[in-house]
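What follows is one chain in structure tokens, specifically the form predicted alone.
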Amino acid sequence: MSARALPASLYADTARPAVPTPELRGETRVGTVLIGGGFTALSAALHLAEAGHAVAVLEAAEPGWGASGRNGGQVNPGLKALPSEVARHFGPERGARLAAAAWNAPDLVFDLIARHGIDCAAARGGTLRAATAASQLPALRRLAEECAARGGDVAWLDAAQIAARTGTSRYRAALLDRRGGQVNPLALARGLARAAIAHGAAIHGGSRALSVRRAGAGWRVGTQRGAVLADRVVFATNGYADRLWDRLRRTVVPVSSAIIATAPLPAEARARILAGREVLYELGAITTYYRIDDAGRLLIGGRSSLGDRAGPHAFPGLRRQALALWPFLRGVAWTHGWNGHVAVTPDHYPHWHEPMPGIIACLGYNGRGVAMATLLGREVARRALGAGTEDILLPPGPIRPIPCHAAWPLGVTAGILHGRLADALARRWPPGPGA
């Protein structure tokens, strides 16, 4: 079975070539087998292999094929909820640990990049959370205060300061969190795979897991031409979970996000938009995000149609949005466009499941997967190496399929329309002096 072709993208055109990941043939035995080849599985495989643990990864296509190799490349700190809300949700001790780990998760990503010499256009210019409406300012101010109180390297930028950094007057204010940064995510995924293999992990591309069943005290995961016998199985499929474990698939909603990229910008434009290599995402119901890469290209992303699409003209709405933000970009060449699925959970937290001994599932990063999936991949490794459930960051929770999950495409479309309307109304309130 040949692996599915890697979707066309700027990342595919610029990342270092992938390390060979041959299809699984025959039967092998390991301590842990990971289903999926994104950041969760690759981080877990690397951490396990470094500890001398026998580990295999089964990926239907190739490492980084899904959201891990298609996302916006933003290495953002934190969760959707405020640190204080995380502590209330998970309890004062565990919640505080989770919040601290989540807001400092970029440290792990950039440490792995440095330690393993991963060539992925990494830069740590910080993350900008930008308010597009006055109604967003109180919560953003509270986040700034909570991050500062917990030792975060953050700064508040008023409207003039954020305009100077972004080249647009769209924003009311922004929070700069200097822990954030950016990468070519496909190159990072390939680098993690290369490092894991160098430490002894087995990574098999073109090897979709087709069955999981008991085998003595452990488990047998079957593919088209082989099988892995393991003490434990980890499902790390995120927004690309399939019907192999249908109840798990129905616990998250796959939401499509698209990105378009320009050719390298002229020097005068490059100097006006995020010249410090910051990354930015807008607050609001429908998130727009953007950054400037190492070659001076603008990458801007947001919600998209659900089907796979590609090419510089595939997402005209994003192009219109970019020109509304920066009219001086009119005439700049757009060279790439692509999309993919992120996994959204109803409570906006990642989910960890252990429904029976030897089975783990970890998924649902809500658009923060570069840092959080890498972090929770490390937690998967810690659990496999013997850490108790009370010692890992997320407590195991029950598997609760989302009601009427089959209707999610209609729900997502309606949610996007409602969110766009709500964001537009919020930006118009309070009205200006001439209203």
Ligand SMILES: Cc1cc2nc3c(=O)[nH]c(=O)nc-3n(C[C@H](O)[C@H](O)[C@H](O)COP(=O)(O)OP(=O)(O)OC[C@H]3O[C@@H](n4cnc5c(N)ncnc54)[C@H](O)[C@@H]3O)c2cc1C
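In this text the structure is predicted, and so the values were computed from the model without any measurement. All residue numbers refer to positions in the sequence shown, first residue = 1.
Just so you know, the form predicted in complex with this ligand exists too; it's not on screen, but the next bit is about it.
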Is every one of 12, 112 and 196 in contact with this ligand in the predicted complex, taking contact as a heavy atom within 4.5 Å? no
Partner-contacting position among 351, 341, 232, 124 - heavy atom within 4.5 Å of this ligand in the predicted complex: 341
Contact residue in the predicted complex, chosen from 137, 244, 295, 96 - any heavy atom within 4.5 Å of this ligand: 244
Quick one: does residue 184 come within 4.5 Å of this ligand in the predicted complex, counting heavy atoms only? no
Is residue 289 close enough to touch this ligand in the predicted complex, meaning at least one heavy atom pair within 4.5 Å? yes
Counting only non-hydrogen atoms and a 4.5 angstroms cut-off, does residue 72 reach this ligand in the predicted complex? yes
Would you check, heavy atoms only and a 4.5 Å threshold, whether residue 166 touches this ligand in the predicted complex? no
Region of this chain that lies against this ligand in the predicted complex, out of 24-32, 380-388, 396-404, 54-62 [heavy atom, 4.5 Å]: 54-62
Near this ligand in the predicted complex, with a heavy atom at 4.5 Å or closer, the residues from 346-372 are 365, 367, 368, 369, 370, 371
